[in-house]
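As a starting point, one isolated chain is supplied in structure tokens, in the form predicted on its own.
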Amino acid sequence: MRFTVTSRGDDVSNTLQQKIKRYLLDFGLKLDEQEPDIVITVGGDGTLLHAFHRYTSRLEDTAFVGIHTGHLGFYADWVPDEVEKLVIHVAKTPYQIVEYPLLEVVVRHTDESESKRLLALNECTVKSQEGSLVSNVEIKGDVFEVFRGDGLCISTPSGSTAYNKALGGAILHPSLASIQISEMASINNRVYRTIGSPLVLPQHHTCLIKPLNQVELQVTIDHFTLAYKRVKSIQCRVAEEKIRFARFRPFPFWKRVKESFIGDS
């Protein structure tokens, strides 16, 4: 089996990274940063997000597992004290694959010269760089509303606990192949009106955001921020690809939610 180990970059994470590499090499596994079968991330959810974007071309062949060296993560479910146990599992135990849905984002320009396809594990946000975002929101080819406000957040089920939750969106279980659209400070009065509630779209529905004013847009894909001019549309839907997690033990989603937001009562 080919593996690689990524680190958040702090001293604790770097030390664990080297320790895991050494143990797995002693077990006869091959270190391969280009085409790994399994990626072990040491740090937190952000570290796993970085690893995901590095290996988006290998999603069918690469599985991920995370060790968190800070607060409990939604993707990183092992702790430093369990490193030896995890290494033995990776080296000796066939693992279960758990797949989570991803968000596909296609940005098209007005001159039709190019389009850019991106994948998000957590969410995509769309904002105007100057003033309010004014755009048509189309669902399955029909105009649903004209949105006016700070912006829109389109999240995956696993990303629904992140920015989406802060915006008042619902928490969705990752087994639901869907995307969620949440508003950022929409303008609602006698003249302008939006739905004012998060929308959950199933796998076969597409959301198209069409700006009505020629402004520069700020588009984020997880932790990456991009600036676009002359945007014709931003298309969002459930991607055909999925992220694959290597599971060596149960990792209940609702238990994770409780531990992160409620704690022990």
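Just count from 1 along the sequence shown to find any residue number. Remember, predicted model here, so these are calculated numbers, not experimental data.
Not pictured, yet referred to below: the form predicted together with nicotinamide-adenine-dinucleotide (NAD).
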query: Interface stretch in the predicted bound form with nicotinamide-adenine-dinucleotide (NAD) - options 155 to 163, 79 to 87, 140 to 148, 190 to 198, non-hydrogen atom within 4.5 Å; finding: 155 to 163
query: Interface residue in the predicted bound form among Ala239, Leu217, Leu49, Ile209, criterion: non-hydrogen atom within 4.5 angstroms of nicotinamide-adenine-dinucleotide (NAD); finding: Leu49
query: Contact test in the predicted bound form: Ser135 vs nicotinamide-adenine-dinucleotide (NAD), heavy atoms, 4.5 Å; finding: no
query: His71: touches nicotinamide-adenine-dinucleotide (NAD) in the predicted bound form, heavy atom cutoff 4.5 angstroms; finding: yes
query: Close approach of His204 to nicotinamide-adenine-dinucleotide (NAD) in the predicted bound form, 4.5 Å, heavy atom; finding: no
query: Contact of His223 with nicotinamide-adenine-dinucleotide (NAD) in the predicted bound form (heavy atom, 4.5 Å); finding: yes
query: Residues in 123 to 138 close to nicotinamide-adenine-dinucleotide (NAD) in the predicted bound form, defined by a heavy atom within 4.5 Å, in order; finding: Glu123
